[in-house]
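One chain comes next, on its own, written out as structure tokens in the form predicted alone.
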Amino acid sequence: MTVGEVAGVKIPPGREYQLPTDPDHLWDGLKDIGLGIRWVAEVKKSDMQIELSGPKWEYKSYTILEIIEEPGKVRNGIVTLIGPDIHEVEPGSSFPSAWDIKVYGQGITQRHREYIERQMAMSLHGVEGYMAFGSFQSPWMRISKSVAGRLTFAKLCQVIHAYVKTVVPQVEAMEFRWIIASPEVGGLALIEPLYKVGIQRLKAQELSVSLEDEDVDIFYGCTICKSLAPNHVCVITPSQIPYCGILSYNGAQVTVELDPEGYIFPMRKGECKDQTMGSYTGVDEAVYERSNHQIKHANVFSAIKYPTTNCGCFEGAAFYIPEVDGLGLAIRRYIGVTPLGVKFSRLAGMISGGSQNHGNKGISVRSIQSKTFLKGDGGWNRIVWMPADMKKELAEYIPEEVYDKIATEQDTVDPVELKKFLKEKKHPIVEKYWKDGEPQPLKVPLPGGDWPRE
């Protein structure tokens, strides 16, 4: 993690800090910062000292954890900060950023990456004055003015360093580089090429999983978001990646192996009641127990009827558009208006919190790539709208015969015009779901309600 040149872009020099590496002193110097669940809170724009990434920068920032399997390649406890520190900027400042983290430990392999990523996220979950949303591919962070004189980027790295080494003792060395891309450092022009390379590196690190849902008897559940969404339960299958995009089926397996009493738990699949919808007796039983007896039934492959609950950390969302009886997709970096007449940020606030919101389902970029994606609703034959850059990014996963028939904000965000677009393009929804060329809008129950028995 040396300062030099990446993707043809020269990286400015930075300042180096050495974190404590002795196990007895990992947390030294952090007593003036509150740590723990009581500090979990949102940082309002008016209260922020600094913001990193987020909608202002179209989420063009990233955090990358790289597992290094060769000893001696990771400088233990070194933090390189390129750009200004928290207290060195004007209150309310906002910048894109790039955060690279290297980890080495004997026996630590790519199989452990997702588990360590989740521990990193957990470590920062209760830092006083710190807020984070989104995934490693599209993070959004804010730091409050109330901690500007006490919290530094090196201290944030120290929290991760200390926490990870405490809960994953196999980790022997961690090294950090954080680029805060202020105009003096290079701004978005510095981050954009790094972002493109960074996303490629993230994809290259993903493990290939050949398992199908039918191949296993055990799914997994995740309740890490209960502090923000008390009734939320994520269901993880070989084909279903959690909404946050952090964990896969493999990552869930590793987590249970290393932390059997933690927030990831085995979920008996049970009898399959409806393979298309993803309805299983074991899933229903587990979700009911873990949702404080609030959610009686959940379909793994549907956003419309009895979807799994939404937390608030989702990368994106699928949403029902009644005027065309179809589904739209959007992710956090999209800052425009959706066909629902609201921006993604408003939509996310409406559907998060752990409720079962019929017609709305959190999604991750990786879950969209699955062949079971929303198959209970018709899959890609029901997808009618998505942001243009999202559509381009996921082009290889969208059926060729549907691709040009899905509208974007460049075509329209108006439901009436969207209906005309779908007719003109002969989208499959017109023939498969409409009647005599007209949509048949569903009467979607309120959150937590029941659909009429068919």
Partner chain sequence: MKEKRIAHVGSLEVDISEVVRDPRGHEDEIVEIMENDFVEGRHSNFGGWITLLPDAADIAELDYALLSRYPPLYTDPEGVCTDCGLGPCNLEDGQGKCGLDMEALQGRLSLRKACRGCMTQMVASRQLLDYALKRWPEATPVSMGEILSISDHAPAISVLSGIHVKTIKDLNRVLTYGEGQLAKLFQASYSGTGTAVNFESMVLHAGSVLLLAMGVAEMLKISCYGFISAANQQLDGIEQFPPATLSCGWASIESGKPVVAFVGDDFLPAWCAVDQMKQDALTEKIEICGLGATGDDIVRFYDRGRIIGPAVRAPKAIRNGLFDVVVISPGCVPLDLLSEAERAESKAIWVGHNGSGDLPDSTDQPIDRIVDRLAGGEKAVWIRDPEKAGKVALQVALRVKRGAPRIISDADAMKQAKGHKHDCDLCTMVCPVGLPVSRAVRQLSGGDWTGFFEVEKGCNFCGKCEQACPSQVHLRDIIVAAERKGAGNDKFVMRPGRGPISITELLQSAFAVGWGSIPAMVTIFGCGDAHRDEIAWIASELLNGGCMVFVAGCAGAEVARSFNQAKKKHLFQQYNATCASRNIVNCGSCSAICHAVPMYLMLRPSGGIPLFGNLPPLGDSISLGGAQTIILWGALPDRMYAAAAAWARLGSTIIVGPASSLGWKRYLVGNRYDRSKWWVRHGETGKRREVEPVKEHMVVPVETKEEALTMLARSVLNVRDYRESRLTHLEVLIDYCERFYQQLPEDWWLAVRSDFELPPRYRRHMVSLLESEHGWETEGVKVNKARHRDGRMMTMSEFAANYGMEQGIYCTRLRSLLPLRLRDTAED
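Think of the rigid core as the biggest set of C-alphas that the two forms share within 1.5 Å after superposition. Given the structure is predicted, the values throughout are model-derived calculations rather than measurements. Numbering follows the first chain given and starts at 1.
The same protein has a further form, the form predicted together with the partner chain, not shown here; the description that follows concerns it.
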Quiz prompt | Selected contact from 277, 258, 148, 132, since only one has a non-hydrogen atom within 4.5 angstroms of the partner chain in the predicted bound form | solution = 258
Quiz prompt | Single option in 107, 349, 71, 183 placed near the partner chain in the predicted bound form, where near means a heavy atom within 4.5 Å | solution = 349
Quiz item: Pick from 298 to 306, 379 to 387, 333 to 341, 149 to 157: which stretch has a heavy atom within 4.5 Å of the partner chain in the predicted bound form?
Solution: 333 to 341
Quiz item: Counting only non-hydrogen atoms and a 4.5 angstroms cut-off, does residue 292 reach the partner chain in the predicted bound form?
Solution: yes
Practice problem: Give a yes or no for residue 29: in the predicted bound form, does one of its heavy atoms lie within 4.5 Å of a heavy atom belonging to the partner chain? | Solution: no
Quiz item: Should residue 115 be classed as touching the partner chain in the predicted bound form when contacts are defined as heavy atoms within 4.5 Å?
Solution: yes
Quiz item: Any of the heavy atoms of residue 403 lying within 4.5 Å of the partner chain in the predicted bound form?
Solution: no
Exercise. Check, residue by residue, if 40, 167 and 231 all come within 4.5 Å of the partner chain in the predicted bound form, counting heavy atoms only.
Key: yes
Quiz item: Which residues from 56 to 91 come close to the partner chain in the predicted bound form, meaning a heavy atom within 4.5 Å?
Solution: none
Exercise. Would you say whether residue 169 is displaced between the shown form and the other one, judging by a C-alpha shift of 2 Å or more on the superposed rigid core?
Key: yes
Practice problem: Align on the rigid core first; then say whether the Cα of residue 416 has moved by at least 2 Å between the shown form and the other one. | Solution: no
Quiz item: Rigid core fitted, is the C-alpha displacement of residue 23 between the shown form and the other one 2 Å or more?
Solution: yes
Practice problem: Answer with closer or farther for the CA-CA spacing of residue 317 and residue 127 in the predicted bound form compared to the shown form; it moves by 3 Å or more. | Solution: farther
